[in-house]
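So this first bit is one chain, no partners, the form predicted on its own, shown in structure tokens.
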């Protein structure tokens, strides 16, 4: 088989979570709303209706750009991109082709690989088509939802890096607070360009574009499929056709949709109804300073505290990382393990994320666990009780007391309980077996002490006391 080098470039559309649309004062959050209920004459581009730019979208664009280490352009402007589609009533899209607001930058993957960003631009979204057997329905609620389209350089050369880039980009946009980040509902969509070139070639191969992928796994699978498909085409002596493709998760295959357009096909022209955007250096710096901690900041902050595999799980949940930032440093490892192993395993984990316990309660719980006042099982039980609305304000220690979960650590008290157990006839044989070298019977004796203490004795301390008394 011939050897080819894959090259992947990705365009990502990010829906901004502004209250209103990009060019009209209409509700931008159409989740659960009736089709065609969040629209205005501006969205339809009716005669005499002029767009008015949403200033919040500019602020979000600055945050998004800074999250990707990008330059913010002080001067940018809008253009018209002409094409007809049933869900686009204008017959054109207002976008930024020539002078976008976000300039060059990069996204660093967890592996350390840097993927360069060519630019990112603001634009209004199209509507949505729902297809049925023999007909389609148009919902224009999404028309002119503000988008940032992020265009990467062709720096990706594997399906895994394509997956990791999209996931890290999603994290950056969510941490920056510019999108809801709901992939299922299309808050972020990925168009993936894939080409193959012979090894050592300085020229890229003919690319195909897979449109509107909305999961990281779909991105990875689509790239893997296209690499295999294009390899077969080239090995057979044929040429790859430049075209736009659809992807089916069910079949795991791409299918042709249309020939791929180039810029000239869209007849770009300056948008006559919107003036250029002029941003002062002071405004850009003020808005940039509002960027919160990013995933890379948390990786650096907790690199010696949280295991890398746990970190990469928790980074998918900005609320958890923000909460860990409030925790006392000495308890971060303990609490992060509870988040990863207990909270995220719960059926109601998504619901719980909206009502995380206070840092004070989490610190108190971690302290009790580290002092051996609570067993690991009891710690998990108290941890979950902290999410119960009826337990709000009770405090971790009070909850543990109410549930009778605090372990007995007083050596004097524990020695008396151990002596009581060792004095019982039913433990005599186990004592003799232990003295004869049968280690496993120690568990039986510890269990008898736990039973005598009604589960409150610290088993590790009990084990030490028993060993001491039985080896005198």
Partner chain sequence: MNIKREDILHLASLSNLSLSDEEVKSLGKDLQDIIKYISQLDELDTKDVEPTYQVFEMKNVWRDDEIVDQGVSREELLALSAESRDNQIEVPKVL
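On a predicted model such as this, the values are computed, not experimentally measured, just so you know. Residue numbers count along the first chain shown, from 1.
If you look for the form predicted together with its partner chain, you will not find it shown, but the lines that follow are about it.
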Looking at its partner chain in the model of the complex, is some heavy atom of each of 317, 328 and 341 within 4.5 Å of it? no
Proximity to its partner chain in the model of the complex (heavy atom, within 4.5 Å), stretch among 372 to 380, 304 to 312, 232 to 240, 134 to 142: 134 to 142
Using a 4.5 Å heavy atom cut-off, which residue among 271, 155, 224, 161 comes into contact with its partner chain in the model of the complex? 271
Looking at 180, 216, 352, 283, which is the one with a non-hydrogen atom within 4.5 Å of its partner chain in the model of the complex? 283
Do residue 419 and its partner chain share at least one heavy atom pair within 4.5 Å in the model of the complex? no
At the 4.5 Å heavy atom threshold, is residue 53 in contact with its partner chain in the model of the complex? yes
In the model of the complex, does residue 44 come within 4.5 Å of its partner chain, counting heavy atoms only? yes
Residue 34, heavy atom within 4.5 angstroms of its partner chain in the model of the complex: yes
Residue by residue through 10 to 36, tell me which have a non-hydrogen atom within 4.5 angstroms of its partner chain in the model of the complex. 18, 19, 20, 21, 22, 23, 24, 25, 26, 27, 34, 35, 36
